[in-house]
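Read the single chain below, which is given as structure tokens and is the form predicted on its own.
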């Protein structure tokens, strides 16, 4: 059976393209181009040729033992010295002539500590416009162990977003301690010592169950309202408007 002329032409074109591809792959392109060993050795040579900019943590410890020990026990223990002081290889080689960068103005620390709702709950954050305006951070905080001179007493110091939400809700006049109990350790290490949270329907029922004393709180039949769901599964406690 004779193939149609169009099919024959297409077959010829495909054969030519395949032949050209094989020619380029195995004849014109050097084998070294596809060799993993060649690529690895070239990468090693390139990286070794780069100038060394960072001194490394142990180099800092040799001369700055006091600052190192303070940082190792403080909240910045997870940060390398050169995170804040910049590449210090030159300083390590010639300490008297090359001085490392030392943040002194107010712009550096807010890179990590300016308020950002995406950061973890409990991470120290500030409103840069109102928190000790115009003062450098080192005025009150030792950068190697930046414990605040006074632990914040108000929940809003760390939970600003929640505080703004509560301020617009029916719970605006309730102190946080009405529903939460926070230990002293929570103020120092908030993520290690979490505050308590209501775990039962009966807790909200103290104000919202039918027959309770508070006349201004909306009332429900606790036994039937919402079935067996906990109150916070339908109502956000900080803005507890009813769900449609």
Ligand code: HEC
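Numbering follows the first chain given and starts at 1. For clarity, every value in this text was computed on a predicted model and none was experimentally measured.
Note that the form predicted in complex with this ligand isn't included here; everything after this is about it.
Within this chain, residue 41 is remote from the site of this ligand in the predicted bound form, having no heavy atom within 4.5 Å. For residue 35, no non-hydrogen atom is located within 4.5 Å of this ligand in the predicted bound form, even though that partner is not displayed. The closest heavy atom approach of residue 218 to this ligand in the predicted bound form falls within 4.5 Å. For residue 96, a non-hydrogen atom is located within 4.5 Å of this ligand in the predicted bound form, even though that partner is not displayed.
In the predicted bound form, 123, 124, 125, 126, 131, 132, 135, 136, 137, 138, 139, 140, 141, 143, 144 are the residues of 121-144 with at least one heavy atom within 4.5 Å of this ligand, listed from first to last.
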